[in-house]
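One chain is shown next in structure tokens, namely the form predicted on its own.
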């Protein structure tokens, strides 16, 4: 019998990693790599964060898992800790396992609450690989032959096109407040406020995909907080549990009031061990000076990036996009930096590299990145 092999869908980097801690990867040969990739926004408190390890071990040795048939203390603790990060208002949450699931659930809620079937989504968007999430994503290869909902796609930042497309058939406008995969594209001034106004006028739900931008990544608890616009629904995942799989769909109580029973469900979502980790993350993000430190490190990282062949730095906090000078690609930058002991990410825009390190990145580590950039 032939040995089992993995489907080769991931182009993997040539790093033989022995261990990791904080913002550093230790290779088998002893070299240390500064990790500005952070598990793709997952290692929010850093790799092997001791407070997460302790919370996970304690919960696993107490009550490792329970069905959603039962109440448990980790769920109550998470709702309290995570609720402290939310904008003013009344909210309800549903817990799942990934960003795709969280976005699927947000779409289910928006369609059920409005009784409509059409969604406005944006060029450059990425919301996941499941059926509805991929339907509102702007990807070259759609994995499903038909979409489970009607999608009107408009250009990023085009408020006039959104107004023209909005009528009584619209269930939701769905977007990332910062389009990460597209090259860390930030919203034009007044864009998010305009979308909120459009939704209010036609009775649609404004939905923010904060899978990457929540949990303090932009220097405030949510990108919604950073930009001062509160959606009707938002989602998060990635770093919300610091390295364990989670999806969170947060819905305004007014929108959730008449949802049919049984619309949403999950076997593993909201399990006690994952929520113990997620509670530790939420408490860390809410702690004194945490977000100020993210903003300071983000400013230092942006300044360090400008020491290299970068013509523009986009983003907020510790989600940054580096637009390369003409003639240099993000992939070339990544290769050159790996030779200097620094790991960065790329994006769907070949000219834009991405930085999304652990939120515990220090100013000193940002300066290490600057030294590597200056040597290019």
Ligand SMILES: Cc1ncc(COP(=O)(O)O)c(C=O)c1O
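Between two forms, the rigid core is the largest collection of C-alphas that superpose within 1.5 Å. Every value quoted in this text rests on a predicted model; they were computed, and no experiment measured them. Positions refer to the first chain, counted from 1.
Another form exists, predicted in complex with the ligand; not displayed. Remarks below refer to it.
The ligand in the model of the complex is not approached by residue 187, whose heavy atoms all lie more than 4.5 angstroms from it. Proximity of residue 134 to the ligand in the model of the complex falls outside the 4.5 Å heavy atom cutoff. Put simply, residue 183 is far from the ligand in the model of the complex: not one heavy atom of it is within 4.5 Å. Among residues of the shown chain, residue 103 is one whose heavy atoms approach the ligand to within 4.5 Å in the model of the complex. Only one segment in the set 209 to 217, 190 to 198, 258 to 266, 163 to 171 has any non-hydrogen atom within 4.5 angstroms of the ligand in the model of the complex, and it is 209 to 217. Of the residues 243, 128, 298, 74, just one reaches the ligand in the model of the complex with a heavy atom at 4.5 Å or closer; this is 128. Among 92, 225, 114, 98, the residue placing a heavy atom within 4.5 Å of the ligand in the model of the complex is 98. Of all the residues from 161 to 195, the single one having a non-hydrogen atom no more than 4.5 Å from the ligand in the model of the complex is 176. After superposition on the rigid core, displacement of the C-alpha of residue 141 between this form and the one not shown amounts to 2 Å or more.
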